[in-house]
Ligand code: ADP
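Take a look at this single chain, the form predicted on its own, given in structure tokens.
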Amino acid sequence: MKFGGTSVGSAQRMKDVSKLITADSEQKIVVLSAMSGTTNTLVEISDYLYKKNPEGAYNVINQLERKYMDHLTELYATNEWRQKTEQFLKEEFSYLRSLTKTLFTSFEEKVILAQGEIISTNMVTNYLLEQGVKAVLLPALDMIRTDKNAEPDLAYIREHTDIQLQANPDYDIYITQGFICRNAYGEIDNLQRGGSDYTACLIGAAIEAEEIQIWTDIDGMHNNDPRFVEGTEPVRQLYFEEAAELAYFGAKILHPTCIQPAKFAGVPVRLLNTMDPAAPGTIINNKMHRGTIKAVAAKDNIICIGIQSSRMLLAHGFLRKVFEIFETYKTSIDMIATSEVGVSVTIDNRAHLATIVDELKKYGTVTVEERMCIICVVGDLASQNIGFETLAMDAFKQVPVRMVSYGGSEHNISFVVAEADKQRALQALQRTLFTYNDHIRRPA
């Protein structure tokens, strides 16, 4: 079970989470994020230290310490556990202050960023122990490690998670930190992409858990963006590939890479709502429901680059040269469309845009369109489902479309439109796919 920062954002929320994880007698590993707002504050502390302003860092550390101390009276009923946790917090914040007296590098920054999860997990573990729960804290820094490519070291994680569990048998609840890890050199680091969700899926895959539960503040993954479209509904079941497509193309509830370990291990992932625990949420597993369009997602801040060249016709190596430019500047391409005289691509990273465009001009006439949006329709879009792609395209009959991508995946058809047309397009897709044509959806 993984709970994010909002779920442990106050003393009452910590109590609510504790009730959820002790609601039955099943053994559980619980992954916790830092309390909401804490990581941003730790980033602010680091920023002051990079700027060689320890006084600014001290002020923010003191404010954060007061915030945590204020939670103790509400969280703990006994002096014993209140004082134990108070002593722990004093030691934590003394440690943070000690880092203001040293040469500050990215290593110290990662140490500071790790403290949010360390604090929240200690507070919740102490609360569970006060309640008489058989709980134990397993440090993520003893289990989660990345390799020299900054990717999770799956063999190490499997072995060391097992070592920790074997060394601590017969507990009902195992608490650990999300997001933080060690790198290949033993230094404190973090998983970056997917954060605590990634930790939960890595551990769930390592122990071959019955299920991985990601608890957030929304009832599963919706079939459209509820911020722009009325009447959206949670999708009750998604195939792993469908969930990855939706996450990559804008569904903020999951990071696209974090469910990969669960997919490879065949462990289902369930998205649940901390504020409404009885809601069924969304289950992500290896079952593909045929003949179903599941959901729509949108990705903003897209840049569309077109390269036109009459020299491209029959020119071997043209696309390779184009792609090498993006590779040189470590810029990923989201979508691509080609013709005999041109190629259009989309990117979402503008860091090297001017240089990339300058390089591309060697090969043709280059156009750049900014403030674009990718809208992705996800489901069973295999070619034998005649008419599904037409149905999706029909929603765009009143919306200008810059690019279409279909056929690269059996689970997705994507459209590029101007950001100004995004809401209109999402609403049209909702009407076309999920209101007027409800017969294309099979209940999960």
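For the two forms, the rigid core is made up of the largest set of C-alpha atoms that agree within 1.5 Å on superposition. Numbers follow the displayed sequence, beginning with 1. All figures in this text were calculated on a predicted structure; none of them were measured in a lab.
The same protein also has a form predicted together with adenosine-5'-diphosphate, omitted here; what follows describes it.
In the predicted bound form, at least one heavy atom of Pro226 sits within 4.5 Å of a heavy atom of adenosine-5'-diphosphate. None of the heavy atoms of Glu369 is located within 4.5 Å of adenosine-5'-diphosphate in the predicted bound form. Residue contact check for Thr292: none of its heavy atoms lie within 4.5 Å of adenosine-5'-diphosphate in the predicted bound form. Although the partner is absent here, Ile144 lies well away from adenosine-5'-diphosphate in the predicted bound form, with no heavy atom inside 4.5 Å. In summary, among the residues Leu138, Ile157, Met335, Ile253, the only one with a non-hydrogen atom within 4.5 Å of adenosine-5'-diphosphate in the predicted bound form is Ile253. Only one of Lys299, Lys263, Arg182, His222 comes within 4.5 Å of adenosine-5'-diphosphate in the predicted bound form through a heavy atom, and that residue is His222. Contact with adenosine-5'-diphosphate in the predicted bound form, judged as any non-hydrogen atom within 4.5 angstroms, is confined among 352-360, 283-291, 212-220, 147-155 to 212-220. In sequence order, Lys2, Gly4, Gly5, Thr6 are the residues of 1-27 having a heavy atom within 4.5 Å of adenosine-5'-diphosphate in the predicted bound form; the partner itself is omitted from this view. Core-superposed comparison between the shown form and the other one: the CA of Asn126 stays below a 2 Å shift. Comparing the forms between the shown form and the other one on their rigid core, the Cα displacement of Asp219 stays under 2 Å.
Put the two forms on the same core and the Cα of Leu426 is off by 2 Å or more between the shown form and the other one.
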